[in-house]
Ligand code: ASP
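Have a look below at one chain only, the form predicted alone, in structure tokens format.
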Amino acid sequence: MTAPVLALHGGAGVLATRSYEAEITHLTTLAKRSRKELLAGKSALDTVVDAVADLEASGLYVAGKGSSPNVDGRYELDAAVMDGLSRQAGAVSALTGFLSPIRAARAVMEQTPHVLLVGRGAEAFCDKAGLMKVENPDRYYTPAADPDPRPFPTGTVGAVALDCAGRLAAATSTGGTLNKVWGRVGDTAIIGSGTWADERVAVSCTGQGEFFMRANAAADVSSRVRYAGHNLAAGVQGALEDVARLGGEGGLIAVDALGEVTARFNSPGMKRAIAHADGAIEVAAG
């Protein structure tokens, strides 16, 4: 039996003047619970989807309930999930009106032959699938974003896991970059850019999505492990350095089939939690 590991993130970028005690407490509780569930035999796929749904519902991060509207006042959310063993994947983008984008992404993966549904088509599918709706967006959403001096403020949540059967999975969800234009799609929903899982690694990214898309950052980690022989930490660092070379900032969480787990970033902090194989829980924001 494989010793399970997992990592969570609540988005790259923290402010030095703000306390993240609530986020740290939430990530700690969620990491402990998720590890306990993995030890009880829960699959990596179920674990990452449930963890990200919890992060969405908390209202503490720029995803799900904590999302901010775009420049036209619309809440357009993105999410993606990928199962490493089968490489099945599902994603939604520019989704409005539904409580859990990550559960919508999983429904796309399991109930359609497609990978990505967007906009009104995604909404029609979610409605037909019976997913829970946001009845009053102006009352439901409580934007978690702080005033941010960065020219490209960001926010995302994600989870990666290795389960007792040696299976890997990754899930990511976001409200998108702040003040985005109507219809903008970032890296989260693009399989390979913001979310990736295969037989080697599972990766979830956060940060300035356009740069992660141009670097195909999440899948690049696996390529570095497979073709260059890098270990997980070196693969993640190399992918992040490529993002930085293009001018972008953010971070990645990743696990591999050997039970290694890492979280790296070049932004001013990243809210994150890691549950190691030996049971140690590591949680930080800066």
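Each residue number is its position in the shown sequence, starting from 1. This structure is a prediction, so every number in the text was calculated from the model and none was measured.
The discussion below concerns the form predicted together with the named molecule, not included here.
Asker: Can you say which of 131-139, 179-187, 82-90, 99-107 gets within 4.5 Å of the named molecule in the predicted complex, counting heavy atoms only?
Answerer: Stretch 179-187 is the one.
Asker: Does the named molecule come within 4.5 Å of any heavy atom of residue 195 in the predicted complex?
Answerer: Outside the cut-off, so no.
Asker: State yes only if every one of 4, 34 and 47 has a non-hydrogen atom within 4.5 Å of the named molecule in the predicted complex; otherwise state no.
Answerer: Heavy-atom distance to the named molecule in the predicted complex: none of the three under 4.5 Å.
Asker: So which bits of 206-229 sit within 4.5 Å of the named molecule in the predicted complex, heavy atoms only?
Answerer: Going through 206-229 in order - heavy atoms within 4.5 Å of the named molecule in the predicted complex - the hits are 206, 207, 208, 209.
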